[in-house]
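As a starting point, one isolated chain is supplied in structure tokens, in the form predicted alone.
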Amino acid sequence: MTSVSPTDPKYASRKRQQELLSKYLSVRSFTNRIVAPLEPEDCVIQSMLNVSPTRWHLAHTTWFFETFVLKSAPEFRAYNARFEYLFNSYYNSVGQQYPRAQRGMLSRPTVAEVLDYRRAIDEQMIARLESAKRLTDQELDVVELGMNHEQQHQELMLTDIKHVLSRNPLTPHYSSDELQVDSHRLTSSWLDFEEGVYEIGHCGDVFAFDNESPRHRVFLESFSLCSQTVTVGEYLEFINDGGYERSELWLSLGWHQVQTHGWQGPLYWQQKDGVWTEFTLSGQVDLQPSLPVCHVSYFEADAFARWAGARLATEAEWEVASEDTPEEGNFATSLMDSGAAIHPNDNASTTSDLRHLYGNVWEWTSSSYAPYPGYEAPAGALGEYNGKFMCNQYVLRGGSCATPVGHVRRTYRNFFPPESRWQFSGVRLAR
């Protein structure tokens, strides 16, 4: 039997294949953990256009591996040929897709049948990664992309099921874990950054999405960033000062949203008899003034910043400011491990002057989601992953309490339309 030297490229590739198998098992297991508290009835509802049923997420992430990894094998046989139509999200080069707005209108396949589908594809993926036949670097890249893709859907599962449960007048709980409130919250301060030419964007060998590259130079004027995100109490001051009634604070499209949808506060806030409460994954609770405000749109973040005499940071400013901040925070995995509610908290422990830059809430920036200089979308179907959405969206940075541990980086660019509120999105002020 011929041994392989650690210096041989084949050794590195085989080692990577083994590492990806371990991560694959971990990622798929965490998805099961997210779904465990749910009943089958919870998993089939689509409460609005942006929300997908949990069952659909389970099937789509499985379809991704079947379509982009397993299908390339000569011996491939589709689990169910009709699933390609049902569970293709937006890959036009793969084929037609079932209408997004109607995902919640299907009673079949059942949740149990989708779970059977997951198990069958898992068996094939594990066999493929355990095989003595080495996958090519390109094939391994797709496997790694698929795992990061599933982590994105893990976050969506949590945010989507929150919206689904919130529509139920019984205010059901996803979990009974309690919100973590620290009475020793630190005082906010402003951190200053010098003007200059900086480099932003991804470089190196670790995984990153294509929209994070290429690395390039930007010039920034001097700026300041607030040491922590806007709190519930601070946002209440904005509301009490007529924030949702003063058109001068709002962008025109934002004011249209306020008027059309009757916004009076962040999504999930309710006021009854002068008392504000908030729906959380742990049920309906009284507002906690010291916690970070979340579920606000870009329009609301921008209006609050204007009211506060500040602004939102650009994504370049955010990335430059985050250079010395460890990529750690309140993420879904660690919160679930500790028995804490999946909700932003105000834990005072910090290793950086910029508190909770990662986790807790996605932070809106003032930057439109656009390609970096020199960006080229990859060829083929996977080139549809990010590039074709670079229009009418704004960039968010940092991750949230619904993001799994290890998924985000300094260079990670999330993006949503400016009216979106169902994600755990919040506000950090700049000036």
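Keep in mind that this is a model prediction, so the values were computed, not measured. Note that residue numbering follows the sequence shown and begins at 1.
Here the subject shifts to the form predicted in complex with another copy of the chain, a form of this protein not shown in this document.
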**OP:** May I ask you to state whether L179 is within 4.5 Å of another copy of the chain in the predicted complex, using heavy atom distances?
**Re:** no
Original post:
With the partner left out of view, is V218 within 4.5 angstroms of another copy of the chain in the predicted complex by any non-hydrogen atom?
Top reply: yes
Original post:
Is G104 one of the residues lying within 4.5 Å of another copy of the chain in the predicted complex, judged by heavy atom distances?
Top reply: yes
**OP:** Examine G387 and determine whether its closest non-hydrogen atom to another copy of the chain in the predicted complex is within 4.5 angstroms.
**Re:** yes
Original post:
Within 4.5 Å of another copy of the chain in the predicted complex: all of V27, F30 and E315, by heavy atom?
Top reply: no
Subject >> Residue (of V143, A341, V111, L156) lying close to another copy of the chain in the predicted complex, criterion heavy atoms within 4.5 Å >> reply: V111
Subject >> Candidate from D205, D192, E75, E195 lying within 4.5 Å of another copy of the chain in the predicted complex - any heavy atom >> reply: E195
**OP:** Look at the stretches 320-328, 115-123, 160-168, 233-241 and give the one with heavy atoms within 4.5 Å of another copy of the chain in the predicted complex.
**Re:** 160-168
